[in-house]
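Next up is one chain by itself, shown in structure tokens, the form predicted alone.
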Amino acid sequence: MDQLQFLTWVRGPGLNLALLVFVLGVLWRLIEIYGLGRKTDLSAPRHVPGASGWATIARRSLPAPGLLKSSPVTYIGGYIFHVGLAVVVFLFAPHVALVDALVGVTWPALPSQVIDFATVVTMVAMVAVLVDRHVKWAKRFLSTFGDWFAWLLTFLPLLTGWLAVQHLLLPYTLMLALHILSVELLLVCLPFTKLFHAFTSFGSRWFNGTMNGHKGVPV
């Protein structure tokens, strides 16, 4: 299989297969989670300011007091790479065009220079977070294979996409094919790894806040 055939496969059957696994996997995990059910809380609700699902989402989206100072790389680097990743994924013109071709929805894109800068900043932030996780004994001890694998799955599409746009390392056709393949690997693995928090983080915070808010306990 030459480079053009490889690119054609990953843009066609490979992408279709990855999307199928991604959609079915996400649906299965969501049904599995939300289908567990909970017993009805018959106790009288206690109304306490700040004890609610939405308040918990807002509170948990910011670092707890003192943690930003004690672990700045984790929080600052984490915010930078999450925001940067969202910018690159959702505001890069070819990505917007792909979504438009798949589902017929489009929105304005950012200039390529802005996306290029955001990609580099995001990759630097991800490397900083990785190094911090490795050099800090406690973080390294608590880290599992799933943490390192999730980082790699997220980093590879950024790296290969940037290299393809910059026409570096490998011929453009091959690098673009590798970029698309890395995205497909991310899609296939996302529902079954820690990356699934993209679909559950806000929902779990809202649920915990609502349940504890019913008891008058802000979390």
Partner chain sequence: MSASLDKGVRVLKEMIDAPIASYFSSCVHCGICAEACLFYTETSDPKFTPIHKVEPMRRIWQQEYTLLGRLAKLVGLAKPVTDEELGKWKELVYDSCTFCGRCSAVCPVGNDIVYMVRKMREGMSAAGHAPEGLKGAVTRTINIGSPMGVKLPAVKAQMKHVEADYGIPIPLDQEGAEYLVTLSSMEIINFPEYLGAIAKIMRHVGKTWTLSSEAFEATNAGMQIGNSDLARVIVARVVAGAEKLKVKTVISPECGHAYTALRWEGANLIGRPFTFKVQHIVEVLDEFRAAGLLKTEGMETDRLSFHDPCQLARRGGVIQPQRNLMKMVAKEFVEMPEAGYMNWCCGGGGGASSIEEGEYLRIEAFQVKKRQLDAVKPDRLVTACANCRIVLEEGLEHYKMNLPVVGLTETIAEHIPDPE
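Only the largest set of C-alpha atoms that superpose within 1.5 Å between the two forms is called the rigid core. Positions refer to the first chain, counted from 1. Keep in mind it's a predicted model, so treat the numbers as computed, not measured.
One more form of this protein should be noted, the form predicted in complex with the partner chain, which is absent from this view; the next part is about it.
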Picking from 120-128, 137-145, 83-91, 106-114, which part of the chain touches the partner chain in the predicted complex when contact means heavy atoms within 4.5 Å? 137-145
Touches the partner chain in the predicted complex: W54 (any heavy atom, 4.5 Å): no
I'd like to know if A64 sits close to the partner chain in the predicted complex, meaning any non-hydrogen atom pair within 4.5 angstroms. yes
Considering only heavy atoms, tell me if Q166 and the partner chain come within 4.5 Å of each other in the predicted complex. no
Do Y75 and the partner chain share at least one heavy atom pair within 4.5 Å in the predicted complex? yes
Just give me the residues of 11-43, first to last, that have a heavy atom within 4.5 Å of the partner chain in the predicted complex. W28, R29, E32, I33, Y34, L36, G37, R38, T40, D41, L42, S43
Is_shifted R38 between the shown form and the other one (CA, 2 Å cut-off, rigid core): yes
